Structure formats: C-alpha cells, structure tokens
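For reference, the chain that follows is the form predicted on its own, supplied as structure tokens.
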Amino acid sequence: MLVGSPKVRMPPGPRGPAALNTLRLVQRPVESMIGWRRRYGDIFTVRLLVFGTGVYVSDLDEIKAMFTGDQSSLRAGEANAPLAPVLGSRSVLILDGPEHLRQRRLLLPPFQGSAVERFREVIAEVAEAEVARWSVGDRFRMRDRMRELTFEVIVRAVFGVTDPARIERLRSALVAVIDSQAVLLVPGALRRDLGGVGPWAAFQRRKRAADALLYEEIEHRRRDDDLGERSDVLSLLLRARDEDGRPLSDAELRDELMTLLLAGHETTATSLAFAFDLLPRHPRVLARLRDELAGGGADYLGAVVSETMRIRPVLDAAERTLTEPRTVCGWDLPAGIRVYPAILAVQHRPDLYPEPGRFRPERFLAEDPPPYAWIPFGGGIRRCIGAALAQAEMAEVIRTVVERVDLEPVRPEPEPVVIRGITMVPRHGTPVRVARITG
C-alpha cells in the first residue's frame, strides 16, 4: 500500500500542511521536536517539504532495532539521497547494501585508534595558531572562526595539504559548495539550469570548480613519491584495496573527500560554536573545567563535549527509508515511508536526562547514559565514521581556548537554534568578545 493512501493509518502528529511544519521545524527545531514528542509520544508523523511524510521515533528499543537489526529493509542511503548533488552518488552516506559496506570498510582504518591520536597534534597546532591571533576586545562570530579552524584541520589531516596557498584555494572552492546547502531544499522540478542563471546554475558552477580542485589533489597525491609513507587520509585511501583487490576509483575518492569535508568540517565547527555559547553562560561549568585541566585531568573535558552534543546535536534526526512494511511502536508502517530515529527528541527526554534543558556535563561523569540514549553520531553500521576524530577535535579546541582566553557573549540571551541546509546551527553564529588573555 502506498504512502498517502487514505487507507494507511499513520501515527498522530501535527496536522498543519507540509509548508507550515517545515517552516516551524526550520525556525524552531528544538522547541518543535520537544513539543511534538511531549504531545504525541515516542512516535509521531510530520509532513515536510522535499522530504515528504516522515515518522519520528524516540523509543530506545525501536531505535536499537533500526540501528543494529537487519538492514535489508532499511535504506539510510536512500533517505540521504537529497544530499547527492553535493556529496555525489558514490558517497558512503548515499550508498546502501554491499556497496555501502565496501566503502565503509575502506574508509574506517584512517579514523581508528592511533590514527586519531596522530591527528591530535594537527588539531592542537591549528587551534593554538588560531587563538594566538586573538586580542582583547576582538569581536567575531565563533562559528565563522571555528569553520576556518576545522577546515584547516580537515585539509591537513584528510587531504594532507599544508601549503597555505593550496589550503586557501581549496577553502574558497569547497566552502562555496558547502554554503550552497539551501539549494538541496529546492524541489526537483525546479533544479534547472535556466540558461546559466538562477540558484541551481550557480550551484553547478561552484560544484564544477570544487570538483576540478579535488581531482587535481587526487592526481597530485597519486604521483607523490612518498605516497607509501604518508599518513593523511587521502594517501591511506589511495593505498586501500577491498577484498577483491580493487582500489577506490577517482569518482569514489572525490565523493568520499567531499563527504568527509561536509561531515567533519561543518558539523564539528557548529558543535564548537554551540560549546562556546554554552560555556561562558555557565561560569560554574567553565571554572570546574579550567580547574581540572590545570590539574592534568581530562574527564570533565570529555563530559563537556558529550553534554554539548546532547543538548545541541547538529542533526535533529537520523534517517531510514522502509523498503517493506514494518511495525514500529505498535504502528504498521507502509513501505516507502521515512522513519527518523529522533536524535534531538531522545536526548531531551526528561526520564533519561533529568532537567534536559540544563547544561550539566557532570551527568556524563556519574554513569554512561542508557544504550541509544546518546546518538549524535547515529548508530550501527551507519554510525559516523569520523566520530572519534570529531570528539577529539572538539576536546582539543575547547582545551586550547579555555586555557588561553576569556570569552564573553555579545548577545544577552542564549543563541536560538535554527536549521540551515540539513543541520542545526546557532542563528547568529555565536558572536563573542575576547575579554581577557589568560595564557
């Protein structure tokens, strides 16, 4: 039975038209998700523009089943298809089934264990150089500064590029594509060139320029005499072979590099911007963090990272598309519908996190949250490959900043959260003032 048939009985949810629901979710995602769960429970239906009808789920057992059970009827790549114009059709986020597993196996090694520890040196060096440029009285949007910082980390650690001129060329071209995410919300019928004018044509020009640089970097690295000794991710991927001895094609490399850039640069920068909105507004938390860092401890630093990503996840939900009917929370859902493990709603459940709207990192010191109650990186075989790198990057940058400077929020109220493209961001970019240099 098709989604939208009058005989399909769906879980309750907001009755407004798709345009109104989309506007509400984009402008007030935190309030919308928490309010909808409070009103309708652990499963509710929302009609949205572009993405269609979706069912949001915040029941932990159901989320576990979606993340760890049989994936043959759950298509995460299909659900991520709106990202294909940016990421490419061979991105690990877009693929499903055996091809997804092949790509994932090839991508995983550079982001595990000792590899992440090597990246910490790059992160610390870039963070220290950034903070060294700040002076008392400087005012800036923290998200802008963090985007510059995380871009350089990604380009150095993933692309293996250290030449400042090449970094700037890549920054100019690639960030232009990332900043065009809003075009992904344009319905397919409007994605036309229109004689070289209009938003879709402009996006295509930016993408062609970015792709040319990415293929240039791939070819440059392939010809590098010391390719076999290099430890950057691009070099490791060029040397990688699957079970049949096949390397990644240039098109696959391009798509995975763009995926790592979007997933590892934009999202981490946004999480850091949220952290630097929260920390100055919670002096008790900031004082404890500084005390423990001064004493050589890092447990509370890790808790600050975890609590930031709990209260301000960058994604409101993960995505799965059903390829066959499935019973979820007692509701018989038809094939073709999107089911969303509701990251934001889960991480604000008061039964899991008392006073969920309060920024309390110590909650992560007492005991670990229940399984699938903290899911900013998703879970199962679709869990974010760069999760360990993102957490390490957040920890090193927060450490560097709080040890060196005092920041003051420019705006009196905490940053409102909005959705831009597909991610939740601080509406004003977290404007701050450097009040004091401490280190």
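Throughout, we count residues from 1 along the sequence that is shown. Source: prediction; values computed, not measured.
Another form exists, predicted in complex with a small molecule; not displayed. Remarks below refer to it.
J.: Pick from 103-111, 350-358, 221-229, 134-142: which stretch has non-hydrogen atoms within 4.5 Å of the small molecule in the predicted bound form?
T.: In short, 103-111.
J.: With a 4.5 Å heavy atom cut-off, would you call Thr259 a contact of the small molecule in the predicted bound form?
T.: So Thr259 counts as contacting the small molecule.
J.: Quick one: is Gly378 in contact with the small molecule in the predicted bound form, heavy atoms, 4.5 Å cut-off?
T.: Result yes; Gly378 sits at the interface with the small molecule in the predicted bound form.
J.: At the 4.5 Å heavy atom threshold, is Arg320 in contact with the small molecule in the predicted bound form?
T.: Within the cut-off, so yes.
J.: Heavy atom to heavy atom, is Gly386 within 4.5 Å of the small molecule in the predicted bound form?
T.: The answer is yes: Gly386 has a heavy atom within 4.5 Å of the small molecule.
J.: Tell me, out of Val339, Leu174, Val126, Met309, which residue has a non-hydrogen atom within 4.5 angstroms of the small molecule in the predicted bound form.
T.: Filtering the options by heavy-atom distance leaves Met309.
J.: Within 4.5 Å of the small molecule in the predicted bound form, heavy atoms considered, which of Leu234, Ala263, Ala210, Val346?
T.: If I apply the 4.5 Å criterion carefully, the residue I get is Ala263.
J.: Every residue in Phe67, Leu315 and Arg382 with a non-hydrogen atom within 4.5 Å of the small molecule in the predicted bound form?
T.: Result yes, every residue of the spot touches the small molecule.
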